[in-house]
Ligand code: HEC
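Quick setup: one chain, the form predicted on its own, written in structure tokens, and binding and motion questions come after.
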């Protein structure tokens, strides 16, 4: 029994963990993968950060962490830490100052050289976070110098703009556009269905939710596949014959009545369709016409 009590008395002391420094845990969770104490690996060392943001610049440190820029072209872009609570960001700054006291930085270079965009074969399709669209968007850069944003969350063509910048991919921030879009779709609901009697010409929004099913490349051009209830829609995006045109080629299956596509838009462009009746941005198609039709957007 005497030996047992001795064991119990020393157990808490043996099992006691080292007390972490203030800010150490949020640092390990959010920063340790890229920032070493005195060495440059992915991001700058803690020694360099302490020099840039001394004790009286904690507010500047937290502001930078929330909305980082790119100070060093030889390092990759830091992701935003806006998801980290303000108190934790202040604690991280305090931790950096405490562990770097008296430490000198070791010479070295970042692992990643300055990024140079490779030459890409057009058309170029990339998953991208783009302005005025959901984060789940796709950028399409066409060979005629025009580009398109297609939103996979809403299953919608968002806009077209001039420019062939192919480096659209960014985890940290929306891609920047070289110019404002010249064609922007504005309707809240894309597809409406006629009543059972098509002759009435009355259309109602289809209550089913658009579901994105993926896309494939057809002659290097993306064809987006999505469904609306039992209706299946394939929308191919490509450069048109006109030097400043984009075509959207639709293939629609499981249609038993007329459809209305609300293609209301703004910008300096003209829109035409090879099927149906297009008036004031609203395209009405019989069930037969809706099976296969092509829209053409021409920049003015």
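As the structure is a prediction and not an experimental result, all values here were calculated from the model. Numbering follows the first chain given and starts at 1. Heads up, when I say rigid core I mean the largest set of C-alphas that superpose within 1.5 Å between the two forms.
The following text describes the form predicted together with the named molecule, which does not appear among the structures shown.
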Please identify the residue among 272, 67, 52, 254 with any heavy atom within 4.5 Å of the named molecule in the predicted complex. 52
Please tell me which of 31, 246, 263, 47 lies within 4.5 Å of the named molecule in the predicted complex, judged by heavy atoms. 31
Heavy atoms within 4.5 Å of the named molecule in the predicted complex: which stretch in 180-188, 223-231, 155-163, 79-87 meets that? 79-87
In the predicted complex, does every one of 250, 281 and 294 come within 4.5 Å of the named molecule, counting any heavy atom? no
Residue-level question: is residue 134 within 4.5 Å of the named molecule in the predicted complex, judged on heavy atoms? no
Residue-level question: is residue 71 within 4.5 Å of the named molecule in the predicted complex, judged on heavy atoms? yes
Is there a heavy atom of residue 148 no more than 4.5 Å from a heavy atom of the named molecule in the predicted complex? no
Give a yes or no for residue 42: in the predicted complex, does one of its heavy atoms lie within 4.5 Å of a heavy atom belonging to the named molecule? yes
Does residue 129 shift between the shown form and the other one by 2 angstroms or more at the C-alpha, the core having been superposed? no
Rigid core superposition, residue 93 Cα moves 2 angstroms or more between the shown form and the other one: yes
With both forms fitted on the core, give yes or no for whether the Cα of residue 84 moves by 2 angstroms or more between the shown form and the other one. yes
